[in-house]
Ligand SMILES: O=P(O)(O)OC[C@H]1O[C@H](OP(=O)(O)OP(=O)(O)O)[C@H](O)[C@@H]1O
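Shown next as structure tokens: one chain only, the form predicted alone.
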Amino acid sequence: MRIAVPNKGRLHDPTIDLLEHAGLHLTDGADRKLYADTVDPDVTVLFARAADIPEYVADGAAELGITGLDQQRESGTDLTDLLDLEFGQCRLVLAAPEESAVESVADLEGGTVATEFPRITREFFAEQGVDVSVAEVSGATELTPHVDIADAIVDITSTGTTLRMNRLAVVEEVMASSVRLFAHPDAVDGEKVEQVRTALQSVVSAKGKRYLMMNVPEERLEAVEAVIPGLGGPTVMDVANGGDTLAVHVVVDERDVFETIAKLREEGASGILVTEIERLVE
């Protein structure tokens, strides 16, 4: 089975890291131009441009693909969105010069919009009932309104810094995007596809989580359980030769760790150990 992944750019390294943490270690590196084997003899990684990955999967060159939702939408391919991998978050926005009279989508009636995403842009304006001309560009989209090529742009933004630097203001959000695991519809029910999806999901689920282990006097167990904001109930075990002391293990959100430890100590917990979680299969 082949998984198509970005061959370069801002999505490449996070994708390779994700595969590695999921246990799909690349056995011959991530620098090859086309393919890399993994520790699973049945899984091969195919490197491609992020924008081309939907077509690779749709055409059957790969059963799975990892790329942005925006790239899949722009391709117009019919793929199954298996999993939000929760990185590469961005927004596709409609923006116009700060000094222009464009304050709403309707203000662009009869105007020109420059973009690297012509399909998404045409669909957006069609849904809004606004007639515009779409000028497809391959880069430096944010410059086009300032050189009289377009009245506005549809472009990707993460923080908005580039838009502000080019004196552009957001008029409307077109769509939100993140990196997803896509599958060819005919491959969705495959056993290996499900194994890969589960492995990647376990890494995503573990993000922002911490594993707490502690010793708790038996008579304080109920009080300790009351202050633990965990995933379900904690795991409670007897401690060998521990008398009335119990071992309590629980998974909590990282943002809750600081406050939780203080409360646990107040309730009599001791020997508190906090560790990171690489994978969490729920």
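Everything quoted here is computed from the prediction, not taken from an experiment. We number the residues from 1 along the sequence you see.
If you look for the form predicted together with the named molecule, you will not find it shown, but the lines that follow are about it.
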Partner-contacting position among L143, V137, I156, V130 - heavy atom within 4.5 Å of the named molecule in the predicted complex: I156
Contact segment among 157-165, 144-152, 119-127, 187-195, judged by heavy atoms lying within 4.5 Å of the named molecule in the predicted complex: 157-165
R265: heavy atom within 4.5 Å of the named molecule in the predicted complex? no
Can you tell me if R10 lies within 4.5 angstroms of the named molecule in the predicted complex, counting non-hydrogen atoms only? yes
Judged by heavy atom distances of 4.5 Å or less, which residues of 181-200 approach the named molecule in the predicted complex? none
